[in-house]
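Okay, here we've got a single chain as structure tokens, the form predicted alone, with questions on binding and movement later.
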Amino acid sequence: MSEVFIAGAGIHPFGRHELSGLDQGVFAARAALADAGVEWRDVQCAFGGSFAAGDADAALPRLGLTGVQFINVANGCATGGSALLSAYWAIKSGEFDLALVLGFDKHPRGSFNPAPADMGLPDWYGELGMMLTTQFFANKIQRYMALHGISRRTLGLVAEKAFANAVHAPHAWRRAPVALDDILNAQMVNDPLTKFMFCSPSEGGAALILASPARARQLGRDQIRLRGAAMRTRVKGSFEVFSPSLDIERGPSPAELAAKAAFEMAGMGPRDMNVLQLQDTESGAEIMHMAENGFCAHGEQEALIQAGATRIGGPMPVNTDGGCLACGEPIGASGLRQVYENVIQLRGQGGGRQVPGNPVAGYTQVYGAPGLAAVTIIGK
């Protein structure tokens, strides 16, 4: 089984743009190819996804019709992570030497509008308002706060950090700092989460080039290795975004399962990670995912966040480019943005958001409805 290297990374800024989602994806793909120093005709296989901007393989006429094997991937908010996992398998098997992973999206304004039928639910479920995801995330963090002593101020600190980090991230959407009091006193969406504590659907594209060891050495791009990649779905008792109730007997979350698998694959543990990108659909998600991914015990987040542990200069910097809160969440591209950011950090190219101390290992985790997670670990 071959090792897998990240030879190139490219991104189109997130936010709102005149370009189509497809054009943003093509922009990111070309940037990744240029970063790796390869031509499109050199790519042997490709995997990509988009939720609202058409099939990812629509990029082929723009990139060039070379006959490349291109597989469209659709897996909710974990689409990017799942496309990356597919390319990882393709290279790791020894079947291919060079692969493109592509994700892009262009969502309409407003909240996500999932169809009940897509989740195996009847139409009346949506007609009653049960498909509105903000209420589920709010209820989930309310329960967590009661169980583990997390304060509303800590929710605000997560968002405040995100916007402060994004000031230094050229690809972020919301690049202006927001004061903690403004976050806490903003319009309430679903208690306890205000509008600044939620991410928004947005637009953007991200792409990666994966290579075998021999190809990576040939390109001079064998510095960053994809050490582990895993995706898991929910088990009995896991939280489901569209479920109106919780099982009394709680099961492990998909993030816990994917994290355990990725760490075992990488031969590493949480303490080995220098920079973290965790799914922050809203402020509460980042807090809960800190524990679910093994970086602290449940309840320890309150003291850690209050002490600044998750800031760029802290011992466990989280979402160094502002995460979903500041970048928005174009579904096809979001998980790949996380990996792109870790590549930049391990290269030491983060500028004002660079994690100090020469980081050598990066961790990403994305969560998707109704209950699945993808994790990647890269090492320098």
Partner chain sequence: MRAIAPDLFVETPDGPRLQGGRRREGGGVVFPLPQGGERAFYEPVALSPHGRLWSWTVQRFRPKSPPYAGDEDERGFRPYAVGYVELPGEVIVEARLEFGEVEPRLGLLMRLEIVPFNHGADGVLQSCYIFRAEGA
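All values derive from a computational prediction rather than experimental measurement. Positions refer to the first chain, counted from 1.
Absent from the display: the form predicted in complex with the partner chain. The rest refers to it.
Using a 4.5 Å cutoff between non-hydrogen atoms, Gly220 does not count as a contact of the partner chain in the predicted bound form. With a 4.5 Å cutoff on heavy atoms, Ser93 does not count as touching the partner chain in the predicted bound form; it lies far away.
At a distance threshold of 4.5 angstroms between non-hydrogen atoms, Leu257 is out of contact with the partner chain in the predicted bound form.
When the partner chain is considered in the predicted bound form, Asn190 lines it closely, a heavy atom lying within 4.5 Å. Checking 67-75, 142-150, 156-164, 282-290 against the partner chain in the predicted bound form, the stretch whose residues place heavy atoms within 4.5 Å of it is 142-150.
For the residues Leu128, Ala307, Ala176, Ala214, the 4.5 Å heavy atom test against the partner chain in the predicted bound form is passed only by Leu128. Put simply, of Leu246, Leu180, Val235, Met268 only one has a heavy atom within 4.5 Å of the partner chain in the predicted bound form, and it is Leu246.
In the predicted bound form, the residues of 107-141 lying within 4.5 Å of the partner chain by at least one heavy atom are, in order, Arg109, Gly110, Ser111, Asn113, Pro114, Pro116, Pro122, Trp124, Tyr125, Gly126, Glu127, Leu128, Gly129, Met130, Leu132, Thr134, Gln135, Ala138, Asn139.
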